[in-house]
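There is one chain below, alone, in structure tokens, taken in the form predicted alone.
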Amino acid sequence: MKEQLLTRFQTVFGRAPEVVAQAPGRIEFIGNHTDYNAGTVLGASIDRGVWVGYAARTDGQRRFFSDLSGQILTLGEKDLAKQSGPASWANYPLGVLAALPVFELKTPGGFDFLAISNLPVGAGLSSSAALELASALVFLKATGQNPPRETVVKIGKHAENNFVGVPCGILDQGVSGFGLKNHLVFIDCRGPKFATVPLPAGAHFWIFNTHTKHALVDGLYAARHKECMEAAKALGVSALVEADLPKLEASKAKLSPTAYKRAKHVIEEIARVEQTNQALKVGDLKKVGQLLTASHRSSQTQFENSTPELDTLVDALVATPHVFGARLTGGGFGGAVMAMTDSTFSETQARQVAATYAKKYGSEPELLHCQTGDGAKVV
């Protein structure tokens, strides 16, 4: 991908980039909507991502290009206006620029900026966080700054929360930033604290991207966030991580039926993350798979952020040999399903699952066979 970026940058801007950075997409392994509830989560950075090239300009112009729009967006050095339409992809690097002073970091002046990706957009693999992290790294490198990796991750989250407008937690940026090949990233969102957990050999990831709607800014994600905050308030805790099932049951009368279901999902999901950690330590992939599928069923019935399309895929996958478990990955409301399989699960089997889906919905999901990859870096 680096050679592709260099060629594209030369074609679009007529010169070579001075700084190049790459950040991976991520699989939300388990811990659905636990991050902004101050809980724990496990994710995996993958071997696909976003590549960004940067070259300074002396005229103060900031020029942005991505194949997502196919057009150069030209802004002034002080212009941080939020973009709409085809140029809305630029809100991610613009949000990073807006976030840098918040962390007492310098912003670059004029520049040419180009992004390419081999991540499918809207698949729940967090192309947005990858773009934020790669953007942060080129801006920081260009200005001679090297803050701790925790700060880089927080810059990306700040851009997403305060500029783009998605009230996400630290999962996406944290996994993209701290990823390590053949490992999962464990995040305790109260710190946040980051650690890597070895992934037992023989685990493979298959992504089934439905290409159904996955627009988190549209309000469904924000609605779930609000419901969780209301549940925490009714339970008398600052975040749902501080509650447990006995407390939830004792306070059930104080919660609306919806808030109760949302809280039950989050509390049980945090417990599933811990159980998954323990199963990984002893290499019990069968148990891990059962927990992944249980996570999806909770998303389906209690958090209600699944869709019939995603449920169809999970049902077909868990009935297929060599599949340990399957669940939606990402915010939900469309997007993709992740299956964890053994090494003998084949593309033929994946195609059979896709055909089952197509029989019901008229089109096959896109298939991605992913491996773990390293985190964001200047290359």
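Throughout, we count residues from 1 along the sequence that is shown. Here the structure is a predicted model, which is why all the values come from computation and not from measurement.
Not on display, but discussed next: the form predicted together with alpha-D-galactopyranose.
When alpha-D-galactopyranose is considered in the model of the complex, Gly330 lines it closely, a heavy atom lying within 4.5 Å. Remark: Asp172 counts among the residues lining alpha-D-galactopyranose in the model of the complex, judged by a heavy atom distance of 4.5 Å or less. Mapping the unseen interface onto this chain, Ser66 falls outside it, with no heavy atom inside 4.5 Å of alpha-D-galactopyranose in the model of the complex. The closest non-hydrogen atom of Asp311 lies beyond 4.5 Å of alpha-D-galactopyranose in the model of the complex. Listed stretches are 347-355, 318-326, 27-35, 44-52; the contact stretch with alpha-D-galactopyranose in the model of the complex is 27-35, by a heavy atom cutoff of 4.5 Å. Note on contacts: among Trp206, Phe163, Tyr221, Tyr260, the single residue with a heavy atom within 4.5 Å of alpha-D-galactopyranose in the model of the complex is Tyr221. Between the options Leu100, Leu285, Cys168, Leu248, the residue in contact with alpha-D-galactopyranose in the model of the complex by a heavy atom within 4.5 angstroms is Cys168.
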